[in-house]
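Here you get one chain, nothing else, as structure tokens; it is the form predicted alone.
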């Protein structure tokens, strides 16, 4: 069996397992896993930029927020249907990524981190300042009209936990398919070349600025799709989703699961979410417990869990 077939089989098995999981999960965990699936899409978008291209961003919350506010405000204030609002949210994230890329990608290393962080903070302050539209930290609760839509002759109710779960899984499957296509294609190899040695890649005739801009554009669009879906499925948008914490979270998910692997962010999101969830039940110092566990994992799995597995056993893992 070729490496491509193995990869498709593995990721297909992951999606099939997640689909079957909904039939055995209690109500609380079904809701939790729905959130995890959307956050995993966010982390997968981040991983495309960090894991494959080697660009460490500290401002990815702005793309998640662009999708959330693009979809949420159009549904809340303009009465747009869910599919149209979703598409607008993704477009807002892609447009923001294009504009940010034209500025931030002129820097590298630490400077790139600082620039993305500063621009993200501007986005956060904008959500707090324009309270007439956003209501700042208080946020907005989506109207009832934004809780259902008709598509392909079927009415989808976003108040139904099963519907939310399966729509989140569909979004994850789409993101996974796109990233698999990128990782195994010529563009993905160009991204890895930029990550490993940008100067040499440029000497070979590649326009590295354009390559990085395309990576940021796709990364922003995927992250915005997660934010738009989160707003519409859970009927709430607020400025807390654009804070620095939401830029650090996908970085932790990616590092834990394995940067530069398609399924790594999914595994990392599951582990981190439940690690925080269970630790918070045991002690108020749950962040300390979480930090200790993360330090231990990084010491023994410096490339992340799936990164270590690929390095030692499954060399074909994308």
Partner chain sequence: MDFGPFLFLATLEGLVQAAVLCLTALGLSLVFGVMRVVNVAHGEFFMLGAVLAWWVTGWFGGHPALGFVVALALAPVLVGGIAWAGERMVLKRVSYDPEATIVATIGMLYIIQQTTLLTFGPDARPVEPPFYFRVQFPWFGYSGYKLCVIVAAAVLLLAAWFVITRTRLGLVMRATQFDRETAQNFGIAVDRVYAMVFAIGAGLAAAGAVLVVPVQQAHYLMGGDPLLLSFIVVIIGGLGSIRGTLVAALLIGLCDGIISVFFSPTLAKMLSTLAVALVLVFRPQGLMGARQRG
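Whichever C-alpha set is largest while still superposing within 1.5 Å between the two forms counts as the rigid core. On a predicted model such as this, the values are computed, not experimentally measured, just so you know. Residue numbers count along the first chain shown, from 1.
There is also a form predicted in complex with its partner chain; it is not shown, and the following applies to it.
- Contact check for residue 270: no non-hydrogen atom falls within 4.5 Å of its partner chain in the predicted complex.
- Residue contact check for residue 201: none of its heavy atoms lie within 4.5 Å of its partner chain in the predicted complex.
- Contact between residue 245 and its partner chain in the predicted complex is found at the 4.5 Å heavy atom cutoff.
- In the predicted complex, its partner chain lies within 4.5 Å of some heavy atom of residue 294.
- With respect to its partner chain in the predicted complex, the three residues 58, 126 and 299 uniformly fall within 4.5 angstroms at the level of their nearest heavy atom.
- Heavy atoms within 4.5 Å of its partner chain in the predicted complex map, among the stretches 89 to 97, 178 to 186, 103 to 111, 208 to 216, onto 103 to 111 alone.
- Contact annotation: of the candidates 115, 81, 193, 169, the single residue with a non-hydrogen atom within 4.5 angstroms of its partner chain in the predicted complex is 115.
- Scanning 263 to 293 for heavy atoms within 4.5 Å of its partner chain in the predicted complex gives 283, 284, 285, 286, 287, 288, 290, 291, 292 in sequence order.
- Residue 302 shows a C-alpha shift of 2 Å or greater between the shown form and the other one [criterion: core-superposed Cα displacement of 2 Å].
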